[in-house]
Ligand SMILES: Cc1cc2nc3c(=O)[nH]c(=O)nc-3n(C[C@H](O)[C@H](O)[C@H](O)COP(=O)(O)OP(=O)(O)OC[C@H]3O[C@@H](n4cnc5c(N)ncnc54)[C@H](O)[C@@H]3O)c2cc1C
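Heads up, the chain below is alone and in the form predicted alone; it's given as structure tokens.
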Amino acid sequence: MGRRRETRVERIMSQTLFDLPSPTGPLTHVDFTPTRKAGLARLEAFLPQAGYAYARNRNTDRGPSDRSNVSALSPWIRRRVVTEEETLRAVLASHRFAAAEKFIQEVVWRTYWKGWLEHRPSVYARYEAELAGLTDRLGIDADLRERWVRACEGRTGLECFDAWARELQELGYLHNHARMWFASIWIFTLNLPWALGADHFHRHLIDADPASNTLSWRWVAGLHTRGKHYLARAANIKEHTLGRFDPRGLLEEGAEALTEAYPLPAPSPPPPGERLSQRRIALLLHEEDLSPEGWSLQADVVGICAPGGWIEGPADRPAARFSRGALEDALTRSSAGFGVAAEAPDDDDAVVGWALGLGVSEVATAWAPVGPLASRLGALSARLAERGVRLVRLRRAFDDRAWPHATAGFFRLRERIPGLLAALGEDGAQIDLK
């Protein structure tokens, strides 16, 4: 694969007759600076609220100008600019487990979604196939296309939904409760296909990853846990937006869960992580894990690269801007930390040339969970192997411990959280937030 191409959905959006709504005023939000320093600063600022205060107040969406009741750490954790392990260590250094249990569970949810999809990669393949079919429909079904565009642009006439659509477009972030309301309204009130909604979130949210995003939309629709769906209710929206929105009489609050023709596949173990065998290696960074300082390396690093052409989405959107900045920050940190040059090759041909130029027989990279990046790494691995270079995909111990328990519902993994936390002390010291 070479440089990322514009998707058909993006081409359709660029050709639409509808323009984005004019802003009614500037939106303010958390400072999502895409650096490790900024992520650690956000973590430190949130720590006092990570205990009982978070459990009491987390469901309230106060609007984009006030995110003090949630961590807003997800953009950094999603790319492991700040990792789950160090987040959990920091929280446990400030709170007892009982006080911080709800926040700890929220961190582990992202691990659960990834592990669940690792055991059932065909579910993501089905989503991609369904999205491709819907994209074809958008080209010929004028009614679907117009309703979809109006929802994406925030022109539905539902005040709460349209406000969240604007917030998503401009900031790339929504409160988690608002995401659930948005997805439910999209599916059950606006009667739009869930896969188009999941794609819309994936292209705009600065913290979207394939597993959490796709499976959360399936959960709202009632497809993840068959027959158990999530319905947005006007009273709940009014209460948890502190009266900012009150869509009484405007929502479909009695809809049935969606169904699909095929059963969920039985879980099968994902392939194991790989191990380095050479002393002299190069590093390839990608946005699934941008803390190579924490990888298990016992080798001499002679070069580092991060393919710039792998960033998804239009360059001017918040999600792509965050990814690009996070990659640049990781390259700078890694170059200084390992004392080697860092490069940003444009495409896979350039990556192969880079590895051959360094004269290495192994390139280490982070494990990419099921999704587009995993597919890219698979294709690149084959290309490198043709030239005698092995791509070694390293998986973190935290995932190896957690994923085997992510085969069914979250409860099974939740029971294992104390053991996962106990194991953190074996992996290294507490992080230094200074």
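Heads up: residue numbers just count along the shown sequence, starting at 1. This structure is a prediction, so every number in the text was calculated from the model and none was measured.
The discussion below concerns the form predicted together with the named molecule, not included here.
Think of it this way: in the predicted complex, the named molecule has a heavy atom of just one of D209, E167, D199, E118 within 4.5 Å, and the residue is D209. For the candidate set L380, V370, A366, V70, a heavy atom within 4.5 Å of the named molecule in the predicted complex is found for exactly one residue, namely V70. The named molecule is not drawn, but in the predicted complex it has a heavy atom within 4.5 Å of N176. Using a 4.5 Å cutoff between non-hydrogen atoms, W113 counts as a contact of the named molecule in the predicted complex. Contact annotation for W403: none of its heavy atoms lies within 4.5 Å of the named molecule in the predicted complex. Although the partner is absent from this view, D246 stays clear of the named molecule in the predicted complex, with no non-hydrogen atom inside 4.5 angstroms.
Picking from 353-361, 308-316, 177-185, 134-142 the stretch near the named molecule in the predicted complex, with a 4.5 Å limit on heavy atoms, gives 177-185. Three-residue candidate spot D300, S335 and F338; no residue lies within 4.5 angstroms of the named molecule in the predicted complex by any non-hydrogen atom. The partner is not shown here, but in the predicted complex the stretch 37-69 reaches within 4.5 angstroms of the named molecule through a heavy atom at Y54 alone.
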